[in-house]
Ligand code: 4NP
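Below you'll find only one chain, the form predicted on its own, shown as structure tokens.
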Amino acid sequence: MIKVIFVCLGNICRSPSAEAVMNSIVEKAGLSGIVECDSAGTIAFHAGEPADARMKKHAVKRGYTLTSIARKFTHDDFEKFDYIVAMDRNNFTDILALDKEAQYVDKISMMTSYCRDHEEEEVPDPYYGGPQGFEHVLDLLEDACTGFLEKIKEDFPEEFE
């Protein structure tokens, strides 16, 4: 099983959406038994809460169901996951700071590095914006998750034969 964790600040908007989008893409590709997704936040402020209601509303319009419950990214996650995917530069830096020995740096990447059609460097936090912000996040995540699955297939060709 190839394990992926998506990380944003509070784990209520971007990372649970990335988890849902990726799960959908993986399922449509018939790879549910090969790729497993999770999400977390770099802070514990929303731990135990479901995804933001506005984010859920926009995701449902596109056929995604956000089911994860917010939790904080922990040092144990470095061992549990093959890929640690940050939504923005601050999340990326916060994750790196937890890796004091720089043992896991090869597992950590930026979500937008997998985009094919968008050129943004980060997935922006839609929390304080309007409806278009949530839609833009989903546009970026759909693009990035499609490219990310191709990256996983390149990295683990034996799993997809």
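In case it trips you up, residue 1 is the first one in the sequence shown, and so on. Bear in mind the structure is a predicted one, so any value in this text is a computation, not a measurement.
Not on display, but discussed next: the form predicted together with 4-nitrophenyl phosphate (4NP).
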| property | result |
| --- | --- |
| 4.5 angstroms heavy atom contact with 4-nitrophenyl phosphate (4NP) in the predicted bound form for L9 | yes |
| 4.5 Å heavy atom contact, Y104 and 4-nitrophenyl phosphate (4NP) in the predicted bound form | no |
| 4-nitrophenyl phosphate (4NP) contact at D125 in the predicted bound form, heavy atom, 4.5 Å | yes |
| Interface membership of H46, 4-nitrophenyl phosphate (4NP) in the predicted bound form, 4.5 Å heavy atom rule | yes |
| Option from 106-114, 126-134, 28-36, 92-100 whose residues, in the predicted bound form, bring a heavy atom within 4.5 Å of 4-nitrophenyl phosphate (4NP) | 126-134 |
